[in-house]
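Heads up, the chain below is alone and in the form predicted on its own; it's given as structure tokens.
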Amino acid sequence: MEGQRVQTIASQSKDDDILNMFVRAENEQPGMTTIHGVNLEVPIIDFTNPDEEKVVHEIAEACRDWGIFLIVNHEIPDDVISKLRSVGKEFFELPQKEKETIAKIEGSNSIEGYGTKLQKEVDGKKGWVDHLFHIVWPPSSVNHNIWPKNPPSYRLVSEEYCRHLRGVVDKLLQSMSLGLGLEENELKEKQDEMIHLLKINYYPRCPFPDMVLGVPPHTDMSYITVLVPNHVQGLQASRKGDWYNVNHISNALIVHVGDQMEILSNGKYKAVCHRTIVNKDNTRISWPVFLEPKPECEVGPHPKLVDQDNPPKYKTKKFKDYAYCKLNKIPQ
């Protein structure tokens, strides 16, 4: 059972297997812990607003107070997003044997490839999700051998989306930089030193959606994560200790503030705690791109944001060491 994919379990499901492997304790179950009937109306940022100061203010406020926001009018063409969704869905609908040809190698330190398990499991319970990880930027870090060969357009479509996304990220980092009182290019210049890691999350239909989680509560390790889902709502965020469904806008980009941005900002920007629920009737798929430091990069509070009145709140360490502690649930 350990080697089985969630997609396979979902298609051949035995209720006992699901109950034993996936069902969470009551204090984690979405049916028991979600505030029902209310969507969390997270901030919506219009990227085409000609009032650039207002955009900077709205993004900085969202990063401080929410850690999550939506971007509309981001200028990534709808057809580019549509093709991204299509090729990702097609990959997960391939025969299992073909998907396994790019599976993560057992015991490898790399997270790239097709797989199921990522984080150390809490109480032995599993998340109702399979995934595909691969680096999309910079070119020197990309290994196309672990990109799907089918559908044939997968590489072209993914690269086109990520080209458009870089423009969005440039503007986003510029605004976040100004919001911290830094020069506008101080964070943007870091993008060339960042790894852009594309993940596809595949959450099959689940017979017990109120008792199971796709991904348990967590914050992202990234500086920022930019995510586009399919049309099935499933993202939840924690607000003042309660769990809410996040408002869904078709083709909007969802931005998460990650751990490294919270650290760099010395706590001025807050990483969002979020989780994913699953659906009884529909498969949910999401495409996050994580912007992360390179493994040897040292990350700590920005020197301009630290002084006698604002001492560093976080340790400076290599990102690979931070990631190891995070994935193995070791205190930082």
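Each residue number is its position in the shown sequence, starting from 1. Values in this document were obtained by computation on a predicted structure and should not be read as measured data.
This next part talks about the form predicted together with a small molecule, which is not shown.
J.: Determine which one of 69-77, 143-151, 92-100, 212-220 lies within 4.5 Å of the small molecule in the predicted bound form, judging by heavy atom distances; exactly one does.
T.: That would be 212-220.
J.: Give a yes or no for residue 180: in the predicted bound form, does one of its heavy atoms lie within 4.5 Å of a heavy atom belonging to the small molecule?
T.: Outside the cut-off, so no.
J.: Since only the chain is shown here, I'm wondering whether residue 199 would be in contact with the small molecule in the predicted bound form (any heavy atom pair within 4.5 Å).
T.: Yes, residue 199 sits close enough to the small molecule in the predicted bound form that at least one of its heavy atoms falls within 4.5 Å.
J.: Flag residue 227 as yes or no: does it have a non-hydrogen atom within 4.5 angstroms of any non-hydrogen atom of the small molecule in the predicted bound form?
T.: The answer is yes: residue 227 has a heavy atom within 4.5 Å of the small molecule.
J.: Tell me, yes or no, whether residue 265 is in contact with the small molecule in the predicted bound form, where a contact means a heavy atom of each within 4.5 Å.
T.: It does not: once the small molecule is placed as it appears in the predicted bound form, residue 265 has no heavy atom within 4.5 Å of it.
J.: If the criterion is a non-hydrogen atom within 4.5 angstroms, does every one of 260, 310 and 314 touch the small molecule in the predicted bound form?
T.: No.
J.: Of the options 288, 43, 30, 301, which one has a non-hydrogen atom that comes within 4.5 Å of the small molecule in the predicted bound form?
T.: After the contact test, the surviving option is 288.
J.: If the cut-off is 4.5 angstroms on heavy atoms, which of these, 172, 187, 253, 235, is the one near the small molecule in the predicted bound form?
T.: By the 4.5 Å heavy-atom cutoff, the listed residue in contact is 235.
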